[in-house]
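Form predicted alone, single chain, as structure tokens, below.
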Amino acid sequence: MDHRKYMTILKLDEAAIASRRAFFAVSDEDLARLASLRPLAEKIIDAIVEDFYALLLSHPDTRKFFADEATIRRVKRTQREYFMGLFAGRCDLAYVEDRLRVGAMHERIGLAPTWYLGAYRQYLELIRQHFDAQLTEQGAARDGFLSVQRLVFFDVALAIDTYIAANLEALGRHQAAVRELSTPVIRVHDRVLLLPLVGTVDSHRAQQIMESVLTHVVEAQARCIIIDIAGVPVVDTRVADHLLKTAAAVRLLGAQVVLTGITAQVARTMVQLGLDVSSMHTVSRLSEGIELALGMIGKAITAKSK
């Protein structure tokens, strides 16, 4: 997913960024302090980046993300840019978009949040050590590190958001694929469709069925859709009600529903429940339903002469 898309998904506008900054206590004073520390950052950046990647390259679960020396040189260069961004003295829309780009890159290569968060822990520890060594004025190292820490935590939250957003998008795609598989509308003939139902039909799936049926009826300009319920284990009042509503919606589109797969047990249950399925054509076997549907469009199945 493009990092700019995350800005929209996460609804990151100026007001949202201000709210996040307040929550993570990233103040204007922190940003001004970090800007004043930029000369020091330029002095210590090489040592921090080298020590940081020494850790990543020494661990087998993170070493695998660095295929060759060219990759290592590239990511070190990117890391230097990220590090210096901490000392730019700003935390605005452009800053957030850049941080989302970094998070999206790590999510895209498959770096697990475990290693991502662990790497940041080491990153902060290295910064603290260098601040302690370089800032000898009382309280300067502590204040400088706290400012860095607040902004880094702000960045980490953005990165984790990209992981969550990407996973939710992937989940949505998978759910759409499952819905398509659970409601496979098949074209039997010109303007005749078939939907074989298998498994339990609950309220959520019933809504998916209706949406899928109506969409396919419109797209195929169908005159008839066969709904086969032979694979539905239980047909109760709720299931029948869903089928009746679907049939009513289909009729509004100028098509008809043929219900097939009705077993003796299902027929008995429908009668006992007092269900009125007269709005649909009902037959026992799918083959009979196909023959009936074809008859509605002026077609017929005939035996081939020998």
Partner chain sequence: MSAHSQIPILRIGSTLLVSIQIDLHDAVAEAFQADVLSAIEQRGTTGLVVDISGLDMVDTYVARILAETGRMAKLMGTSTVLVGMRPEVAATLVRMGYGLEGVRTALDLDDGLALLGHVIARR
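Residue numbers count along the first chain shown, from 1. Because the structure is predicted, anything quoted here is derived from the model rather than measured. Throughout, rigid core stands for the largest set of C-alpha atoms superposing within 1.5 Å between the two forms.
Missing here is the form predicted together with the partner chain; even so, the following discussion is about that form.
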> Of these, A70, L273, A54, A248, which has a heavy atom no more than 4.5 Å from the partner chain in the model of the complex?
Replying inline: A248
>> Going by heavy atom distances of 4.5 angstroms or less, which of V75, V232, L126, M210 would be at the interface with the partner chain in the model of the complex?
In response: M210
> Do V218 and the partner chain share at least one heavy atom pair within 4.5 Å in the model of the complex?
Replying inline: yes
> Is there a non-hydrogen atom of L252 within 4.5 angstroms of a non-hydrogen atom of the partner chain in the model of the complex?
Replying inline: yes
> Is there a non-hydrogen atom of R101 within 4.5 angstroms of a non-hydrogen atom of the partner chain in the model of the complex?
Replying inline: no
>> Is H106 near the partner chain? Define near as a heavy atom within 4.5 Å, in the model of the complex.
In response: no
>> Please pick out the stretch from 87 to 95, 222 to 230, 137 to 145, 116 to 124 that is in contact with the partner chain in the model of the complex, where contact means heavy atoms within 4.5 Å.
In response: 222 to 230
>> I want to check S27: does it shift between this form and the one not shown by 2 Å or more at the Cα, with the core superposed?
In response: no
> Core aligned, does the CA of E50 move at least 2 Å between this form and the one not shown?
Replying inline: no
> Would you say V250 moves between this form and the one not shown, meaning its CA shifts by 2 Å or more once the core is fitted?
Replying inline: yes
